[in-house]
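Shown here is one chain on its own, the form predicted on its own, set out as structure tokens.
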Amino acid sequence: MSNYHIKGLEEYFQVYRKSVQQPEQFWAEIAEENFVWRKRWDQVLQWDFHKPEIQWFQGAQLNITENCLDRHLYALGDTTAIIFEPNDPSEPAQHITYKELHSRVCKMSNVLKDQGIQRGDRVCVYLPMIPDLAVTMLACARIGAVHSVVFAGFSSTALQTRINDASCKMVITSDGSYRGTKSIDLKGILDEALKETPSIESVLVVKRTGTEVKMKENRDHWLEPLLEKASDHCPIEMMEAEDPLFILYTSGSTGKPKGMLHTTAGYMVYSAYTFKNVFQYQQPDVYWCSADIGWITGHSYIVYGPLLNGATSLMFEGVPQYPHWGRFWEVIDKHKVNQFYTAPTSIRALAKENLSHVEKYDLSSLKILGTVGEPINEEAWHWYNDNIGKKNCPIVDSWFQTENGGIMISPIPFATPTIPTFATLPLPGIQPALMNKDGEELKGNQVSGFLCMKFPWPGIARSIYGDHDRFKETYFTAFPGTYFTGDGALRDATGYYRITGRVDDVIIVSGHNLGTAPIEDAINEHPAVAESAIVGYPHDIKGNSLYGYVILKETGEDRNHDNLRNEINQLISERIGAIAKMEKIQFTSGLPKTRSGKIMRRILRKIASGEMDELGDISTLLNPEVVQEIIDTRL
């Protein structure tokens, strides 16, 4: 098991050196020693970032669910694979063993096959955080179907776009979902989305809330009766290493969302390896990632990474503040959680509340804390370290993206000394480069630039589904020969990396990547709106909030501004989802533009953040006078 489980800083440097000097040998050893293959690969890696084309373990045959489930049945069959902690603490938690999970996945696989789902078909999964979500993903993977999970907080329009983009054949949803005190009508949202989705043939509905829903004849089926009749024996479909495993959408800074395509073998190896090392997982630890499975964090670090390692993974349906602000700590105490992985947004929200919410619970089981979604600010880091980890638990401030498949830069607990706000060092196999705007690599330390990757890793996405040209354009043209992350970073005197944030127009709000273009499109649909521009600005809890600058048509200028703000946010909720609503909406007569008509969002961002002294030279703008007007009427 050399290289697979790093236990100290010296070992990290040895393993890292090998992973960079002999990458193919490095990943081949990890793949060979830790997974079940039905046929070995002919070639470890073939790649060209100019095309771009990346293939790992070419010629190998496998099934990821055999590695997640079947191979554990003998030694770990009675071990808990998934703990389900419901939204309402009075509802009992469920402990699902590896044997039970295997049985449920086989039944679900047979249901999918009975409904006509075949290898290569795309299946949209629009489910809340309940065990059926994990079961459905694994069932798709078992029979070679491609799952496309859509976050259950998205609106019907966002859902429809994603179904149509991947030409999904089926959707799996539930009658509703619980979120704190609210019950959400998921089936109703889906019905709205399905008004224009020609590829959908059938819908399976899980009973969760027991609310009455409309069922369309010959299209909609309750899942439970189908599962009852299904056999719990389902042989695996043999997959090629580069066969698609899933599509997962991430916000584009221009236009429609990007369906990142991840393939089977490389993603399996990378998600398993990073989980093992970043969380130092060992039996019989209980591990909890509080993310939603609708994001890459949930795919890799609630489902695939933990199950590939035979871990016990906790799935949480609720929210941090329901029924009280101690809910996270109550869950940790109740299930004796050893590793806890959450977003800085949640930490900041919890840190605002009285410490008595923390102090009434026993958190002594914790060994490792993690953060994900955005860089954690120093204040939140110290609060987390002092009050949750009691200064005994290393904090892994992890950085990666939907496109990456798994964690790229992160401390390894008990190996990498941590510094607040720094993601620290690249994981083995990851070769970062900081570039300047002229495309030259910045060598040495104490530099900052555009964060790129010089070499592929097994978890990298292979394409944008149905649009390889866009994949090339987005990630491989800014700095030819490298993968450009879209983030800026600095490297300090010791070689540690700190992520400084997006350099394009994607804003991270509460850990959610929100593209500005679709939100602006929604705002511009309002009959009183002529034009809009969205920027992010710092927010104590969410990390960033959205600030909207809106130009009204003449017909809208006499309208009540508060009413207009409510209507605009309502429109955003319907088109994108409540997460994308504006915190502030400022009405203005114009927007600062270049002479070619490009909105200067950099200036708007500075004004929204209150940094009026740092606007730079605005004399070259088409309309420099509008800048002062925006400053004078700033909210």
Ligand code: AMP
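The first residue of the shown sequence is 1; numbering continues from there. Quick caveat, the model's predicted, so the values are computed rather than measured.
The same protein also has a form predicted in complex with the named molecule, omitted here; what follows describes it.
A.B. asks: Which among 532 to 540, 166 to 174, 365 to 373, 204 to 212 is in contact with the named molecule in the predicted bound form, heavy atoms within 4.5 angstroms?
C.D. replies: Single hit among the candidates: 365 to 373.
A.B. asks: Can you work out which of 151, 84, 400, 450 has a heavy atom no more than 4.5 Å from the named molecule in the predicted bound form?
C.D. replies: The residue in contact is 400.
A.B. asks: To verify the annotation, which of these, 94, 199, 250, 321, has a non-hydrogen atom within 4.5 Å of the named molecule in the predicted bound form?
C.D. replies: Result of the distance check: 250.
A.B. asks: Although the named molecule is absent from this view, report whether residue 502 comes within 4.5 Å of it in the predicted bound form, heavy atoms only.
C.D. replies: Judged by the heavy-atom cut-off of 4.5 Å, residue 502 is in contact with the named molecule in the predicted bound form.
A.B. asks: Could you tell me if residue 519 has a non-hydrogen atom within 4.5 Å of the named molecule in the predicted bound form?
C.D. replies: Residue 519: no, not in contact with the named molecule in the predicted bound form.
A.B. asks: Considering non-hydrogen atoms and a 4.5 Å limit, does the named molecule approach residue 302 in the predicted bound form?
C.D. replies: Residue 302: no, not in contact with the named molecule in the predicted bound form.
A.B. asks: Give a yes/no on whether residue 508 approaches the named molecule to within 4.5 Å in the predicted bound form, heavy atoms considered.
C.D. replies: Yes, residue 508 is a contact residue.
A.B. asks: Should the three residues 33, 65 and 272 be counted as contacting the named molecule in the predicted bound form, with contact defined as a heavy atom within 4.5 Å for each?
C.D. replies: The answer is no: none of the three residues contacts the partner (heavy atom, 4.5 Å cut-off).
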